[in-house]
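Next up is one chain by itself, shown in structure tokens, the form predicted alone.
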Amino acid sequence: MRVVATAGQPQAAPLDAFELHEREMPTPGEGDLLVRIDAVSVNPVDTKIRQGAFLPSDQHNVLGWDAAGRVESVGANVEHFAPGDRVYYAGEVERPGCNAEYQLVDARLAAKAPSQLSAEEAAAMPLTALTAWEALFDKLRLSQGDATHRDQTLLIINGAGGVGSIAIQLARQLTGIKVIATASRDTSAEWCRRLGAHEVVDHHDLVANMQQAGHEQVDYIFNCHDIGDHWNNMVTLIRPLGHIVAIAETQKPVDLNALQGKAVTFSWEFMFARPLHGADIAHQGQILATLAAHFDAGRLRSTLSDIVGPLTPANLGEAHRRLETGHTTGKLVLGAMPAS
């Protein structure tokens, strides 16, 4: 089978970072699905791993942790999938990724793909939707239902990014909380509003802009950006006994003690933690199944913003280049690898 792997050059620019390789067709383990890939998406974590996070950057790694495809075969212990099933999943960072013709994935991490979404629309969703769901409902412990959290506010920092785009929808559609998103450009602000944000605030001079909008403090903050850039903003804006969840690390020093006086809870969300540590792995497949039902019912929409092209080294490099500009909205997707 063919894969698009990193070029093994740690300092390579995105457009020179990928090569086409031939590898043996993998055989499913007892709990695996062998999936023929129909579409893949790219995430900021892909760019970090390409540059050396988690995996050695001087090797030919197959990246990609967002996929939609069809099951080709199943392992001996797999019960709920069969060849021909359309599936979507993020997978696990320690196994070869989805930038390939075929991929093995632990069946517990996958779910039947939403029937109302195309392969490209479905591939845009798993990693970011799992991240947002775990952050909102497992970490912040928001309750679901139209009548919940009616008197509370959620601030989503970087609302137009991949995670923020689905977090806005989940909070707006599945809870009663007031959703405030941050965005700095007209196009990204309008994107957030279309996805359901009650208000959009410019994240430059965030405290002043929040106060001008009438929000001295909020009950919850979901930070989808470098926490060092917004640490002081969050310390100021979070309400006493409030809760902050974050997904992006920082190289800047932050003062965790600053949250003590308000007795604020701070949580990390890292979608790969469950498969990395074998912690209730099936929970992610269950979340994706629940999300599929919401997509099919029309409560949620795909955050696909652009299809870069078919899966080729050049197109994958272009997707990484765009992500690294920091100015994308929603998700970038690539279609299936062209026929050889």
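Position 1 is the first residue in the sequence shown; the rest follow in order. In this text the structure is predicted, and so the values were computed from the model without any measurement.
What follows is about the form predicted together with a further copy of the same chain, which we do not show.
- Under a 4.5 angstroms non-hydrogen atom cutoff, a further copy of the same chain in the predicted bound form has residue 249 among its neighbouring residues.
- In the predicted bound form, a further copy of the same chain lies within 4.5 Å of some heavy atom of residue 139.
- Taking non-hydrogen atoms only, residue 76 never approaches a further copy of the same chain to within 4.5 angstroms in the predicted bound form.
- Contact annotation: residue 211 falls outside 4.5 Å of a further copy of the same chain in the predicted bound form, judged by heavy atom distances.
- Of the candidates 314, 279, 53, 293, 279 is the one whose heavy atoms come within 4.5 Å of a further copy of the same chain in the predicted bound form; the others do not.
- Only one of the listed residues (116, 236, 148, 260) places a non-hydrogen atom within 4.5 angstroms of a further copy of the same chain in the predicted bound form, and that residue is 260.
- Highlighted residues 18, 44 and 62: none comes within 4.5 Å of a further copy of the same chain in the predicted bound form, counting any heavy atom.
- Heavy atoms within 4.5 Å of a further copy of the same chain in the predicted bound form map, among the stretches 122 to 130, 196 to 204, 238 to 246, 98 to 106, onto 238 to 246 alone.
- Within 4.5 angstroms of a further copy of the same chain in the predicted bound form, the stretch 218 to 232 places a non-hydrogen atom from each of 227, 231, taken in sequence order.
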